[in-house]
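Next up: a single chain in structure tokens, the form predicted alone.
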Amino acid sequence: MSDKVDFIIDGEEVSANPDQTILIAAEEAGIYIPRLCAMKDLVPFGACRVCTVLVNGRPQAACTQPVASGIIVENSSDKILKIRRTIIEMLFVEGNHYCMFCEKSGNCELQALAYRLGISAPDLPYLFPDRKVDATHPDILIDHNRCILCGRCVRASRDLDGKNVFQFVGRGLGKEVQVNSSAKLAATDIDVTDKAVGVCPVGALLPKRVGYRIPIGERLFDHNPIGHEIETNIHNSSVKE
């Protein structure tokens, strides 16, 4: 008796382990599902909803939804793509993302997803919130203008670094990431070598004195779209077999 679970993604049959999420099972099958809050080695969070898929016609977060035998998953239908475009547009207009000036440009996952989804400029009105930059730490800065509340830094600091430097405070439009100090980032025990510093998908949490060192043309998404590595690795494995 097989211990695998079989289900369908966009008409393709996928076999997965029963303890896997849809996101992980799809990735192992060479199917890319866009995501921002999800990341290897971090506990699934389901915050950004960019990985939304339709499971038997109902929207679910692929990063937290477990696989089940016989389910029908839509990952690239027009309805799903419209949902994802709206989510990405909302993330842009709810913050202050100036891509042409940002040192994360070309390496930014939010920017790369916008390109992959065909978004050149949001149709929604910009909110232009008044947010601050904390550059008090000698080696690290936090630019709240670009924070998308994905929770990667929160989970990485807690689960990988064992420090709990970051946490969410507030609710609704007032929700933000803050540090575990009544002062500033400089008063925490964060170090530039911490895992939390390198997990931010955008330009909100950055090490100092390294910006713009990678020239245009050599940045992560300059030549290939985000998700390309998942689709290409599976294809190359199949060719070798």
Partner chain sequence: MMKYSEREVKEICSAYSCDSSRMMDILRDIQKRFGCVPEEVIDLIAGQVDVARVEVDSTVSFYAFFSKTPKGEVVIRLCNDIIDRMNGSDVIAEVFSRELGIEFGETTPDNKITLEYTPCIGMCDQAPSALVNEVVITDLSSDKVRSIVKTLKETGDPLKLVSRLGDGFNAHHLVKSMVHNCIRRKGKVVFAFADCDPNAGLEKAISMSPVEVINVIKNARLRGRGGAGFPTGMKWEFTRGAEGNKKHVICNADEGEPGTFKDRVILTELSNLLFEGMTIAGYAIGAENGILYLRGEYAYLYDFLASVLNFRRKKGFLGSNILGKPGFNFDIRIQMGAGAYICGEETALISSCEGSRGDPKNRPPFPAQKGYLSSPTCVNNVETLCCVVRILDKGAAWFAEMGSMGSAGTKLLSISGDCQSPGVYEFPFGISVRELLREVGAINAVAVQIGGPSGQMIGEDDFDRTICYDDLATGGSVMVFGSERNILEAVKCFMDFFTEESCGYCTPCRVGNVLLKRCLENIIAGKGEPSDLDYLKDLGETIKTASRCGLGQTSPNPILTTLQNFRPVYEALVHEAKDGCRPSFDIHAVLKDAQNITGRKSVYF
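Please read these numbers as outputs of a predicted model, since none were measured by experiment. Residue numbers count along the first chain shown, from 1.
Although it is not shown, the form predicted in complex with its partner chain is what the next lines describe.
Considering 136, 164, 76, 96, which brings a non-hydrogen atom within 4.5 Å of its partner chain in the model of the complex? Only one listed residue qualifies here, and that residue is 164.
In the model of the complex, the residue from 71, 102, 91, 112 that sits within 4.5 Å of its partner chain by heavy atoms: After the contact test, the surviving option is 91.
Using a 4.5 Å heavy atom cut-off, state whether residue 190 contacts its partner chain in the model of the complex. Result no; residue 190 lies far from its partner chain in the model of the complex.
Is residue 40 close enough to its partner chain in the model of the complex to count, meaning some heavy atom within 4.5 Å? Looking in the model of the complex, residue contacts with its partner chain do not include residue 40, since no heavy atom lies within 4.5 Å.
Would you classify residue 175 as touching its partner chain in the model of the complex, given a 4.5 Å non-hydrogen atom cut-off? Residue-level check for residue 175: yes, a contact with its partner chain.
Is residue 30 part of the interface with its partner chain in the model of the complex - any heavy atom within 4.5 Å? Residue-level check for residue 30: no, no contact with its partner chain.
Tell me which stretch of 192-200, 22-30, 212-220, 44-52 has a heavy atom within 4.5 angstroms of its partner chain in the model of the complex. So the stretch in question is 44-52.
Those residues of 139-172 which, in the model of the complex, come within 4.5 Å of its partner chain by heavy atom: Heavy-atom contacts to its partner chain in the model of the complex: 148, 149, 164, 166, 167, 168, 169, 170, 171, 172.
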